[in-house]
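Take a look at this one chain, the form predicted alone, written out in structure tokens.
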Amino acid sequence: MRGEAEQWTGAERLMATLYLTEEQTTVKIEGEALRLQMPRGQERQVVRVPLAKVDQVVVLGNITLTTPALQALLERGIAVHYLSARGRSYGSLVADWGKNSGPRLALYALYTDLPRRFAAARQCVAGKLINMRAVLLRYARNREDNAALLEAVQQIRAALRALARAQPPAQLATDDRMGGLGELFGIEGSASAAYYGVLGLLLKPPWQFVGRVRRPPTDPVNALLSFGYSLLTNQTTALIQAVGLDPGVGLLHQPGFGKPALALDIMEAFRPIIVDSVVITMINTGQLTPGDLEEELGAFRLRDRARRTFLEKFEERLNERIRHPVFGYQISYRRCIELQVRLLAKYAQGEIPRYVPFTVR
């Protein structure tokens, strides 16, 4: 399938995800396939993608899917995610809710049970911190000037100890905008500051990174991280919907209008080992150069060719197989995300006593 992808202009079929990237492309249904018509004045290429080979569609930029095409996708339970060219999520079209409402009701009940919600939210933070620590330790082992990295590792370890001691408030104040989870956010924030404070040391010159900046990212590395996090959010949202949970009801992240709070919870542990890993590897191996990003009004975005390469490497990472630390068998990172969703559903329904985050060494 990779060979097919390389022949296409503006559409990459990478495993089960169809990325539509060429502006002004029109997508219609033609029998049991999607018919992609590239815009006039460019390569008037027509690509046909069998519906049976698509699990989800990601639309980046100004691309038109006709109503019959959308209907055909939704009839088959294939989600369509709309993103800007920079990767900012506009939302998703998904098929009707699943028939099993039990997990969703259990999730809603869990949200109102502060002690149990606090316990699950703490595990989400713990997964992120443990995996950030693992990323830094991997790079620290291979370099002599690793003092700053090891100092950051120590700060993350201290945060993990504080996390273990954290307890939910005895009584929730009515004006508490953080829903009783303020201590968790504080611990997560201090550990993330330590991690992002040294992330730039992992990058080869001339790349520079001084800290995390969002909305909009004002430097190339932050633009790459934001783009990757948006892709990961949509992947996680689709898996949550496939399991039958409500992606808008988070345990750590507070629900908000159009906010995939539960997806943000689940993906916390996967940010360092999927997105950050892809960005660091592509930069240090020369697969990306600063010239692969362009600046518009103070914000950066990937040029078309570099964006296609990034999507390919992101998919490769999602499909990379590892031994699961809990179950002990080889599965892909994508499957690991789905398992975390299912574990959370089981915790919500009281089938397991605690939610265990996905972590690596």
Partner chain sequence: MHAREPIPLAMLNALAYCPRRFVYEHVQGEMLLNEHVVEGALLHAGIDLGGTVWEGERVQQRRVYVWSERLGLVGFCDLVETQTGAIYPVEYKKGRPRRWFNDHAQLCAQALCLEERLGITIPRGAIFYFAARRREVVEFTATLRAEVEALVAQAHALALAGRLPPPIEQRARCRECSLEPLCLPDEVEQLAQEHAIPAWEESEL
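Since the model is a prediction, treat every value here as computed from it, not as a measurement. Numbering follows the first chain given and starts at 1.
Omitted here: the form predicted together with its partner chain. The next part is about that form.
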Q. Its partner chain in the model of the complex: within 4.5 Å of a heavy atom of each of Leu288, Arg301 and Ala306?
A. no
Q. Out of 197-205, 270-278, 174-182, 153-161, where are the residues with a heavy atom within 4.5 Å of its partner chain in the model of the complex?
A. 153-161
**Q.** Touches its partner chain in the model of the complex: Pro103 (any heavy atom, 4.5 Å)
**A.** yes
(Q) I'd like to check something about Gln349: if you look in the model of the complex, is any of its heavy atoms closer than or equal to 4.5 Å to a heavy atom of its partner chain? (A) yes
(Q) Just checking whether Leu339 would be counted as a contact of its partner chain in the model of the complex - the rule being heavy atoms within 4.5 angstroms. (A) yes
Q.
Taking any heavy atom pair closer than or equal to 4.5 Å as contact, tell me whether Arg335 reaches its partner chain in the model of the complex.
A. yes
Q: Identify which of Val135, Leu107, Ala126, Ala72 has a heavy atom within 4.5 Å of its partner chain in the model of the complex; exactly one of them does.
A: Ala126
Q) Which of these residues, Ile322, Val54, Val326, Ala33, gets a heavy atom within 4.5 Å of its partner chain in the model of the complex? A) Val326
